[in-house]
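In structure tokens, one chain follows: the form predicted alone.
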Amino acid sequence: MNTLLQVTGLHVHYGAIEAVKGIDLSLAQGRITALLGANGAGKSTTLLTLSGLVRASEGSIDFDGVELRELAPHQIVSHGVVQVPEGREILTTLTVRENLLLGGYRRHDNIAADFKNVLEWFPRLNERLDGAAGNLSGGEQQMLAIARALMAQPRLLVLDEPSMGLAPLLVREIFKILRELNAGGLTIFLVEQNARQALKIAHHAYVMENGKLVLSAPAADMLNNSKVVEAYLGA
């Protein structure tokens, strides 16, 4: 399996505080990788660093032969690394249609086909295209955030807590769509508090604790190991 993203010796500081402490991780192309851990472990900081929104103090972020560490966020998006942030960050005063079109703002090709495709993935959005995005339910806003990211034609889709605040039925729907997107060849990196749900769809998983990676294993092995679940996943 080819490695799409290789992170080596990554350190991230907020002033004197070291949030990420020299982690190494790799993402296999065409696979779902989960990053798990408690609040404050450094998971979101890791994702923000991959996207260029936070700067690493040391280390390398190699994306298919391209070093991302010094690139601006829009350049990283152009290379195909697209993040769905925690909290969705949709533009609530714009319409659903406008949010989706903004997802493809850096593209110079015809986006009509992808626009049609994302509405097939998320038919609820098609019913609300010309309404304000702020009027959507929480689950619909999460769908919009993912659909907007897909409009950028990601090679790596990075998601930070996609199930946060959603009802169980919507969580299952979101994760079903992620599994289907991956079956179509999309590589996914997922930070998720709902560890069991993440492990059910992931191929590989890392556990982060106090800025360090403390465990790396196939997701199925992690899910089926009661000691791991008890020690790291809050069960």
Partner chain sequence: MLAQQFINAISLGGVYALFALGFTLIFGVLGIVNLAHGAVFMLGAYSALHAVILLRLPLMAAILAAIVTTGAAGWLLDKLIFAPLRARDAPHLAPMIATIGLAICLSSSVEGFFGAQNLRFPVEALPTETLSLGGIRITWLELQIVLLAFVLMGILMWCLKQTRIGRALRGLAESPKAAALLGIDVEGLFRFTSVLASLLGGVAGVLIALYTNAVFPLMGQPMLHKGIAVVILGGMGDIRGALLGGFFLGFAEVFSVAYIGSTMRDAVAFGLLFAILLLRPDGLFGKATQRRA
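Residue numbers count along the first chain shown, from 1. This one's a predicted model, so the numbers in the text were calculated from it and none came from an experiment.
Beyond what is shown, the protein has a form predicted together with the partner chain; the following relates to that form.
Asks: Is every one of 59, 61 and 71 within 4.5 Å of the partner chain in the model of the complex, counting heavy atoms?
Replies: No, because 59, 61 and 71 lack any heavy atom that approaches the partner chain to within 4.5 Å in the model of the complex.
Asks: Can you check 79-87, 161-169, 114-122, 135-143 and let me know which stretch has heavy atoms within 4.5 Å of the partner chain in the model of the complex?
Replies: Only one stretch passes the 4.5 Å heavy-atom test: 79-87.
Asks: May I ask you to state whether residue 51 is within 4.5 Å of the partner chain in the model of the complex, using heavy atom distances?
Replies: Answer yes; at least one heavy atom of residue 51 falls within 4.5 Å of the partner chain in the model of the complex.
Asks: Answer yes if any heavy atom of residue 126 is within 4.5 Å of a heavy atom of the partner chain in the model of the complex; otherwise answer no.
Replies: No, residue 126 sits far enough from the partner chain in the model of the complex that none of its heavy atoms falls within 4.5 Å.
Asks: If you check in the model of the complex, is residue 93 within 4.5 Å of the partner chain, heavy atoms only?
Replies: Yes, residue 93 is a contact residue.
Asks: May I ask you to state whether residue 103 is within 4.5 Å of the partner chain in the model of the complex, using heavy atom distances?
Replies: Heavy-atom contact with the partner chain at 4.5 Å: present for residue 103.
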